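Coming up is one lone chain in structure tokens, specifically the form predicted alone.
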């Protein structure tokens, strides 16, 4: 029986784990654009001479650009992910992969892992802190990233689990995210990444007046909805308008003397501030978006780590998104049937993925999409989304800086907002307003090569993503 799990290097650990051609290796993205582990493992696979691998990485960031070289060499055959940005997204849109990328949601991924449709041979965990037994958490060590929620299902179901770390604790861990009983091997490296990369992207409070106009409208909708009351549960994205709306929510809760239940999802310092102010009882955290949140989850007993499984897996008896009162989400496009796109831009270029978008939209009592009426001289409201990420049946309200559209199926909500004298329009009126500014865009021309499949959280394929046609 093995008692010492320490292996000298990644290549040796992969070899001992039985790596061979065509296997599925999984990774997580809690270090976001600061992650070094994926690239190191791919380089080790290259030295071992394997090929045809499926890479199941929960999200892909610009730091993962070396994936392109490994796709071209044949080492990587296919990609299974929830979100893609940067050079890899551009390469996928150009048709680099012979097989379409499988795009899942943050809840659909653990569902697929648990049911076996996404079978993981080897899970490679970027582990900020490991003890000698192999227990792992994300709160200790120099590369602390906080919650490890997205890799917890992988570690529970994978054939083999390799912990790749830059910090081995001399003492047994008090706080454990992944127990030693799930871990086969430990590899100590000089660094697993740059924690500053966690804050990559737009996770800062905006000064943009358009975003603040959207945020004020969104908070007016929440006030008028009747859902803003004691015990209110809330999730928001990390975009500028969403963060600003959270600040307006905070002001309303102070003024109204309200006490909320929980905050959910990817966590920012603005949500931590509301917890510390005791406006909410708890945070349930599947991912820390900044270092302030990383510190909070390590120190505050009311800040809880949760797995992607309990966050949003629709196959469970319940998940946290089912208890949301309100969620604020972004969009690259919204169509006249309230379908939402966050996978591609209006030119068909891959820019992201669902993440928890369609999960939270399905679970919340009220789903608000916040977006400018026009972005980059293109209308946000379109006849049909280039790609459907979240079906319109899960969307209640579209909020722009110029007005608000209510899903016609939400008559009671529409009556409440009308009574509050909010600037209401039909979604067709918002579209006409946008077209009056932009003119009618050229019809999008895409190739017939499918480069991505959009899987809804329940496992059904709801759309396809096509390669950008060469100009």
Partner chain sequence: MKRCRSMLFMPGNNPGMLASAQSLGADCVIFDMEDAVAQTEKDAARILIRHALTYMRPQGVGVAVRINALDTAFWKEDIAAVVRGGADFVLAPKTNGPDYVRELMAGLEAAEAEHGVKDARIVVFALVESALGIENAFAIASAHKRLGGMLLGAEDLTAELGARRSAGGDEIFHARSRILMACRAAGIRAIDTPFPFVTDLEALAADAAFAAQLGFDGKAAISPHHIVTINAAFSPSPEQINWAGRVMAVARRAAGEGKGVASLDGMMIDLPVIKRAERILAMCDGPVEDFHAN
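Just so it is clear, the structure is predicted and the values come from calculations on it, not from any experiment. Positions refer to the first chain, counted from 1.
Below, we refer to the form predicted in complex with its partner chain, which is not included among the displayed structures.
Among 77, 295, 223, 216, the residue placing a heavy atom within 4.5 Å of its partner chain in the model of the complex is 216. Though its partner chain is absent from this view, in the model of the complex it lies within 4.5 Å of a heavy atom of just one residue from 70, 431, 40, 402, which is 402.
For its partner chain in the model of the complex, the listed stretch (206-214, 97-105, 391-399, 143-151) containing residues with heavy atoms inside 4.5 Å is 206-214. With a 4.5 Å cutoff on heavy atoms, residue 409 does not count as touching its partner chain in the model of the complex; it lies far away. The closest heavy atom approach of residue 437 to its partner chain in the model of the complex falls within 4.5 Å.
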